[in-house]
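Shown here is one chain on its own, the form predicted alone, set out as structure tokens.
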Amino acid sequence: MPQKLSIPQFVVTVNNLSVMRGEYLAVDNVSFKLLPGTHTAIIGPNGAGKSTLIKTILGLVQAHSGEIKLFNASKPFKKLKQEIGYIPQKFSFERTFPLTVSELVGLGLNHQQWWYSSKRKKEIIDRALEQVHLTKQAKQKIGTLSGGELKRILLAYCLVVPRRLLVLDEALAGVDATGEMEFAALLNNLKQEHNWTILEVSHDLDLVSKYCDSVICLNRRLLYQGSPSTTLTSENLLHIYGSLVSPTCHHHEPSRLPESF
């Protein structure tokens, strides 16, 4: 009797997605799928629609047409939010606000975990801080953190609840080269430990080549998709960016953590 082939359960499925920003067509008929446990980078020039695509997948921007499906589920998006971690490019907050690192990470606990004892909640928070190597900063005020430390704290925020998908929108913007490399290595280790699927907007092609399984090259339309070795060729980069100069960090409006992320 012939053996049945297993059908991949995609974490993200995007079909013929188009997104308008006002009168401007920011994303034009884009389709792709993400397999569990993979790390995919979205690259492209400034204004290519990368952040718009990410925010549409997260439900923060409304699609004009097309379909987005998460975890092959028919559940409403609101019920799937808790399985998604999100780290924005900029985390806007008042530097003088007297919130400690532990308190910020604890905000990531879901409504079920808030019924845990204080001891159990502290264990979860402490474990998350240990995983991002910031145990010593637990009682430190968030306004005193460096850019790289703050991004690792947001990663700890995502760790206090089990996640299946982690989305990063140029999360390393404003972090120095050493901090970028440390964060990328840490993210890769945690991805393997927790079997995350990662989708990120990135400008650092060296880190994309080193850590990503696949690359989506976007300029409103999907130009190329595949492994770093097949997509990040000199010819393709010339087509995407218009020059062979390494892409630089792009600037967008500051973002706040969405309510359920």
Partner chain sequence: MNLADFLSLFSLPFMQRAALGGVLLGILGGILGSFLILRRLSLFGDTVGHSAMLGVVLAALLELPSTWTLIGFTVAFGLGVIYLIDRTDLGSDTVLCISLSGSIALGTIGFSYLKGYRGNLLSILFGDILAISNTDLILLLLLLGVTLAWLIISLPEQILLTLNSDLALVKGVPVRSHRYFFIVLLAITIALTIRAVGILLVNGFLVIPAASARLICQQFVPFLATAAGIGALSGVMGMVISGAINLPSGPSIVLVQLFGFLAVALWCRQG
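The structure displayed is predicted, hence computed values, not measured ones. Positions refer to the first chain, counted from 1.
Just so it is clear, the following notes concern the form predicted in complex with the partner chain, a form of the same protein that is not shown.
Looking at residue 71, you'd find every heavy atom of it more than 4.5 angstroms from the partner chain in the predicted bound form. The shortest heavy atom separation between residue 92 and the partner chain in the predicted bound form is within 4.5 Å. Remark: residue 111 counts among the residues lining the partner chain in the predicted bound form, judged by a heavy atom distance of 4.5 Å or less. Put simply, residue 58 is close to the partner chain in the predicted bound form: some heavy atom of it is within 4.5 Å. A single residue from the set 188, 82, 131, 137 has any heavy atom within 4.5 angstroms of the partner chain in the predicted bound form; that residue is 82. Applying a 4.5 Å heavy atom cutoff to the partner chain in the predicted bound form picks out 154, 157 from 149-184, in order along the sequence.
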